[in-house]
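A lone chain, given as structure tokens: the form predicted alone.
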């Protein structure tokens, strides 16, 4: 039997100590600790980890953290929405987004050429410059070959990017495929459409990519899910696991509620009714703002894994070192 434990601050408290202190407070803090332990278990079990997130998280400052997670070997497969691709490329080319206000005058913002994502602002000019960046990239792809699966496109673009804080950059260099089943649902899709008008033999094969994600894992693999937010990115990864026997570990983090009947609000428990997650899987569903809950949980998990030697070494000069990263921090 476990009991509620009072949380207390102490001078110089580390992020790991903060997470540990919250673990017995109750309510969602208990689920947060369950998420930490599930992430640790999936990594120790050698699971193939599907990491999914929606585009708004790349709009935020989590983008660099996601890139770092890829570089530490915590993600084996990425699934996202197309805005997360666009804004990763934008930021890799120097675009900066503005911290604004949830209660802004949206009519005035529109007149000023500013687009609001919650309390973050993106100027129209950023999308205009994005067009200038993507056009030459598509031309390079076209000259190389005419038919591409979506994940192949993102790998090539990742190799064109020179920014260690870019998710595509890290994914390309760590052999982590990036899937985006709804690739046309944004500015990137519009530019694909426009490019194809002038190059009708240029084909982006979404069905081929469905095959790619299904065959990047097997029934015999131990499978883990870390799903941030909902949408098609969450379901696409879950479907790949379902068709390969179900996930062994799963962490969902979302602000959506299960009472809506939506994929975004669906819990890990509900997923068991479909066979998406195995009956005996370790799983946690954390309700709350991912910009807060995920860094707390993942930092705690990384500290534990580093201390116990379960994080892959970073690549040096294009080659991975043989030894594991080991830390001396106590957690």
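Numbering follows the first chain given and starts at 1. Keep in mind it's a predicted model, so treat the numbers as computed, not measured.
If you look for the form predicted in complex with another copy of the chain, you will not find it shown, but the lines that follow are about it.
Open item on the list: On the criterion of a non-hydrogen atom at 4.5 angstroms or closer, are 29, 111 and 189 all touching another copy of the chain in the predicted complex?
Closed with: The answer is yes: all three residues contact the partner (heavy atom, 4.5 Å cut-off).
TODO: Considering only heavy atoms, tell me if residue 137 and another copy of the chain come within 4.5 Å of each other in the predicted complex.
DONE: Heavy-atom contact with another copy of the chain at 4.5 Å: absent for residue 137.
Open item on the list: Residue-level question: is residue 169 within 4.5 Å of another copy of the chain in the predicted complex, judged on heavy atoms?
Closed with: Contact check for residue 169: no, nothing within 4.5 Å of another copy of the chain in the predicted complex.
TODO: Verify the contact flag for residue 174: yes if a non-hydrogen atom of it lies within 4.5 Å of a non-hydrogen atom of another copy of the chain in the predicted complex, no if not.
DONE: No, no contact at 4.5 Å.
Open item on the list: Please determine whether residue 282 contacts another copy of the chain in the predicted complex, using a 4.5 Å cut-off between heavy atoms.
Closed with: So residue 282 does not count as contacting another copy of the chain.
Task: Region of this chain that lies against another copy of the chain in the predicted complex, out of 129 to 137, 154 to 162, 197 to 205, 219 to 227 [heavy atom, 4.5 Å] - done: Only one stretch qualifies here: 197 to 205.
Task: another copy of the chain in the predicted complex - contacting residues of 169 to 194, heavy atom within 4.5 Å - done: Sequence-ordered list: 181, 182, 183, 184, 185, 186, 189, 190, 192, 193.
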